[in-house]
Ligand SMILES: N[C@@H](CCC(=O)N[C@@H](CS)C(=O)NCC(=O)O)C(=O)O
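The form predicted on its own is given below as one chain in C-alpha cells.
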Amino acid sequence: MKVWGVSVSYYTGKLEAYLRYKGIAYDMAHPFAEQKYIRERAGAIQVPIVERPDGRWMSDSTPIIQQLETEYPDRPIMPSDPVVRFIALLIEDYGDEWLWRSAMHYRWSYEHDRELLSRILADEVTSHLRLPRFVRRHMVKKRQHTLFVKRDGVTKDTWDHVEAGFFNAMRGMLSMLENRPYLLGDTPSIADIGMMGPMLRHFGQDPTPAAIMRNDWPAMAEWVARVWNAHATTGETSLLDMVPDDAASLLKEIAETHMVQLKENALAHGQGRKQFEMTVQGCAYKEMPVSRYRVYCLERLREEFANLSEGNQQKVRSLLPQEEYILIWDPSVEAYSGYDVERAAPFNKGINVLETG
C-alpha cells in the first residue's frame, strides 16, 4: 500500500509506528503535488492517506488502524478485555486531539524549531510551487503559526499551560511505564500507538521539546524508541486484562483537559457557533475554533461506551470518577457531527479537523 504522508507529520508518524509493529509493507509519497488527484478520491489532504493496491482509499489514522487490525489479526494492539480496550481508546483520543496544541506550539513558537521544520516542509509540501525556497519557507511558517498556534488558543496568557500539557502527559505516562515496558502491557496497545503521534514526530524530534525529553525525561525518549522498534523486539501480544491503578494520574489529566475541550466544542457546534471558550485547569482559552471532527470523536467514544455491557460500563465509571467524564455517558450535551453517519470510515471521504461543517 502507498502511504501519502509527510516525514514530520503527527499522524503519519502514528500510522507508521503501527505499520512497523505489525510488519505491514508500505511505500511513502508526498501528497501535495497531487492534490487534485487525492482530493477527488480521499476527500481532503489530511495526512496520512492510504492508497491501496485494489484502488480503495483510506483516511483518518484511527479508523485506518482499526480497519487494518481486522485484516492483520496477528499481534493485535486492541486489548481483548472490553474495559481495557475502552481506556486504551480514550488515551489514544487524548493523544490525537488534546496534545496536538502543545505539539504545534513547540514546533512553531520557538525559532530553532520553526526554522528547521519550515525547511523540511518547504521541500516536502511546497516543492511543486514555482517560487524560491525562501518564499515557500516563509509561507509555511506564517500559515502554520497562524492556523495552529495563534488561532488555536496559544497566547501569552495560555503559553505556560499549553507547555504544561507536555509535561503532564509525560508524567502520567511514566507512572505507568515504571511498571511495564508499554502503557497497558508487555507489548504495544492502541494507547501507545496513539501517544506516538505527539511523542514521536513532534516532542521526540523537534529541537526544543526533544532536548527537554532527552535531557530531563530520558525514560520517555527510551519509550519512543521502544515503540518504534517494537516489531524487532517483541513476540506474541501480551496486554493487560484489567486497567492498572497506575493509570489514574493520566486519566485524571485527560478528564481535566481533553474532556473539557470535547464538551465545550460540542456545545458550540450544536449551537452553530464558529468559536468557543473554555477554562482548563484554571486557564482561560478564548476564541477557540470549533471542530466538527472533534464532535465526531466524542460520538465515537460514546458509541464505544454504549457497546459495553452494563457491568463493564459500571467498571469504566468507577475508573473515571472525575465529573468531566459524565460527558461520555450523559447525552444532555448534544454530540452530532453529521460526519461519517454510515460509519464507513476509513473508506469514507475525509474532512479537515478544523472544518466546522
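Residues carry their position along the shown sequence, with the first being 1. Since the structure is predicted, the reported quantities are computational estimates derived from the model, not experimental observations.
In what follows, reference is made to the form predicted together with this ligand, a form of this protein that is not presented.
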Original post:
With the cut-off set at 4.5 Å between non-hydrogen atoms, does Asn312 touch this ligand in the model of the complex?
Top reply: no
**OP:** Tell me, yes or no, whether Ser61 is in contact with this ligand in the model of the complex, where a contact means a heavy atom of each within 4.5 Å.
**Re:** yes
Original post:
Looking in the model of the complex, any heavy atom of Ser9 within 4.5 Å of this ligand?
Top reply: yes
Original post:
Closest heavy atom of Ile45 to this ligand in the model of the complex, within 4.5 Å or not?
Top reply: yes
Original post:
Counting only non-hydrogen atoms, which stretch in 328-336, 312-320, 45-53, 66-74 is within 4.5 Å of this ligand in the model of the complex?
Top reply: 45-53
Original post:
Every residue in Trp100, Tyr293 and Asn352 with a non-hydrogen atom within 4.5 Å of this ligand in the model of the complex?
Top reply: yes
Original post:
Just one of Trp217, Tyr110, Phe148, Trp228 has a heavy atom within 4.5 angstroms of this ligand in the model of the complex, so which one?
Top reply: Phe148
Subject >> Contact assignment for this ligand in the model of the complex, among Arg133, Arg143, Lys263, Arg180, heavy atom within 4.5 Å >> reply: Arg143
